[in-house]
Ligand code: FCA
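One chain is shown next in structure tokens, namely the form predicted alone.
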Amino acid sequence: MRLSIITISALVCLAGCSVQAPTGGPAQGAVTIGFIVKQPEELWFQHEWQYAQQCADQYGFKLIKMGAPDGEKVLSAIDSLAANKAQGFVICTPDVRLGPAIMAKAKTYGMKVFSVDDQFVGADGQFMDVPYMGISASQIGRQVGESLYAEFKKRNWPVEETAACAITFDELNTVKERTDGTFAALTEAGFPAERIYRGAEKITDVPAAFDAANIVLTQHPEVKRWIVFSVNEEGVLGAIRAMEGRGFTSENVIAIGIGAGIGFMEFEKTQPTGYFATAVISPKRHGFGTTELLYKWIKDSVEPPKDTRTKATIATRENYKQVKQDLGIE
């Protein structure tokens, strides 16, 4: 659910003015940490939870995993964590503009906050000074673009018969940087900018990408070969499904996604699809790493770095099993 500025302002007031911290504190030496994600049904976030739980098991603290797809549920989740005497939480917020409301609510309860994946934005439009672990979005996008162009050249495709389909979601800066990075790498390598066609998706899932790609395909029936990129694996897979419906196969599609989950399933199919590779991001670092840093902040007063970035590894049908093993992806 997208929130208006008025709604977010109301939530900031609610967070800062209306809630009283519960009496009583945690048992001496006990640590409880929350891990809130915006889309708990997505494999990426399930993996983050999995590795966060591994961290909790290793260090012996309590972990509370919660899904919060909108602002009201985020604030409710923080209330629930406070009732469970949590001293802090890791969060991937459903809207980066909720940052002030989240921090106001956390301050009311004396909680420490670690943001992951999507970085908080303040009322002034600037990133907030809150510990954050994200990805090197632009660099990963460039990795995708460089790999796409290398495979395009390897196949000796005529440029006049080839176009790129970019499934974009420019409303969120951390994913816009990915597609912008891919666009930049492709054009710098020599691919014509005028042959990169953008299809904006309403949300970042497979059905929305399918719809966005179908619009691009309808507008450009003359294209015989496609290069495909998007903000994540779901965006690329939606585009591939749309192209398959129009007769395109692995022979005339080169697609590279970004993520750490469902793209691998394409590699396990007997018949190869247009999904050529994926830029793999490790959910272990985002799940285990953030939770470990927060735990040490709570337990030992060791403040985490303000900004930590994760790089990607390009995995193909040939090497993905080794990549999964190297990155600790089960």
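Residues carry their position along the shown sequence, with the first being 1. In this text the structure is predicted, and so the values were computed from the model without any measurement.
Here the subject shifts to the form predicted together with this ligand, a form of this protein not shown in this document.
Comment: 36-44 is the region of 56-64, 265-273, 287-295, 36-44 lying near this ligand in the model of the complex, near meaning a non-hydrogen atom within 4.5 Å. This ligand in the model of the complex comes within 4.5 Å of no heavy atom belonging to Asp95.
With a 4.5 Å cutoff on heavy atoms, Thr182 does not count as touching this ligand in the model of the complex; it lies far away.
Interface residue remark: Ile281 is counted as part of the site for this ligand in the model of the complex, having a heavy atom within 4.5 Å. Among heavy atoms of Ser230, none comes within 4.5 Å of this ligand in the model of the complex. Contact annotation: of the candidates Gln143, Ser115, Thr204, Gln87, the single residue with a non-hydrogen atom within 4.5 angstroms of this ligand in the model of the complex is Thr204.
Proximity to this ligand in the model of the complex, taken as a non-hydrogen atom within 4.5 angstroms, holds for one residue of Val74, Met243, Val175, Leu81, which is Val175.
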